[in-house]
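As structure tokens, one chain now follows by itself in the form predicted alone.
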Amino acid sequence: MYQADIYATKTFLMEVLERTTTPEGIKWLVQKMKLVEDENAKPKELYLAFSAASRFIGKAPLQLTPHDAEMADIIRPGFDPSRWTAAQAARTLLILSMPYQDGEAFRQQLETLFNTADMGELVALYAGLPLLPHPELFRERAAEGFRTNMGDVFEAVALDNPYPADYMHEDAWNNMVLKTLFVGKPVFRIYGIEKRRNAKLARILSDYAHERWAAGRPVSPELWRPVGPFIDEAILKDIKKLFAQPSELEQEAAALACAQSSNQQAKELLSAHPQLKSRVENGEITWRLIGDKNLQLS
């Protein structure tokens, strides 16, 4: 029923907000939170406050310390508000102030917000999914976020967000990873990408790479990150093609994929490239480094 201690989450977000917005903004927010938490509150109290949050709280980025980042991960593993704004945090506090004992009533009230939200409000709603009670009730809504054409909204649900890895079914998860590559977003920002890799996803990504190659388009080296453990005879041909590419990043991706495979032919293929194998073993090649370099080139 719970992903995070709601009291601890609210305390944390309020402390961070106090360093980011004005005393007048905090006073306004506290008043609205008290209104919203009343069991007899009318839904419009939430809707009006949610919409007005950016006007009273502002849109400045949250001022987070390294300790804040550690605390966020303690409150909810994977929770990363480093790209959140003040308004985003305030809107999440309003949602967490709602009565939530009745899960279906809680979901329905949030659905109304989702269905009427502008882009900034949608970003707050989707990024707040990993903090909500009754997380099992929001799978369909999260999948809707994967299908959006709004880049900021897609990022809010797919990147730096632990909800998909923890709650989405395999097909929805696989579609999210594929779309991340399709829209050119960094795979290294998908929380739980290693934990949720699977054979079906590896095959989907291999097929996607073939489509890109056939069209003469580049293939992100990050595509191969979830593939390594599932290298088979067919995917091995893809990896051989990567080793033959002039791009150093693609060669590095091939080496890492082979290093993560138990396939004997993949191991032999890596051994045939001793310099790359040595760099993998020395930690000089990692998926994060490949992702960072690829992002700089895009």
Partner chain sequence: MNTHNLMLIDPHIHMTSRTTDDYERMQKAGIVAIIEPAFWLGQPRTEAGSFKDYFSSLVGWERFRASQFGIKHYCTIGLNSKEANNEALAEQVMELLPLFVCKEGVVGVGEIGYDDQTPTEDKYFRAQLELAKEVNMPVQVHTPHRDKKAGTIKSMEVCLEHGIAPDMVVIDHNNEETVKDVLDRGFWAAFTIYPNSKMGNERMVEIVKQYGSERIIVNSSADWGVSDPLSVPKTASLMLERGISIEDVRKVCYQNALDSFGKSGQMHESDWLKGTQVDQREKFSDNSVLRGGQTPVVGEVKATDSLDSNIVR
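What you are looking at is a predicted structure, and each value in this text was computed from that prediction instead of being measured. Residue numbers count along the first chain shown, from 1.
What follows is about the form predicted together with its partner chain, which we do not show.
| query | In terms of non-hydrogen atoms within 4.5 angstroms, which of the given stretches 227-235, 249-257, 269-277, 53-61 touches its partner chain in the predicted complex? | reply | So the stretch in question is 53-61.
| said: Within 4.5 Å, heavy atoms only: does residue 150 come near its partner chain in the predicted complex? | reply: Yes, residue 150 lies within 4.5 Å of its partner chain in the predicted complex.
| query | Is residue 117 close to its partner chain in the predicted complex, meaning a heavy atom pair under 4.5 Å apart or at it? | reply | Yes.
| field | Close approach of residue 30 to its partner chain in the predicted complex, 4.5 Å, heavy atom | value | Residue-level check for residue 30: no, no contact with its partner chain.
| With the partner left out of view, is residue 182 within 4.5 angstroms of its partner chain in the predicted complex by any non-hydrogen atom? | Heavy-atom contact with its partner chain at 4.5 Å: present for residue 182.
| task | State yes only if every one of 142, 175 and 196 has a non-hydrogen atom within 4.5 Å of its partner chain in the predicted complex; otherwise state no. | result | Negative, none of the three is within 4.5 Å.
| request: Find the only residue in 48, 26, 35, 69 having a heavy atom within 4.5 Å of its partner chain in the predicted complex. | output: After the contact test, the surviving option is 48.
| said: Heavy atom within 4.5 Å of its partner chain in the predicted complex: which residues of 76-91 meet that condition, in order? | reply: Contacts from 76-91: just 91.
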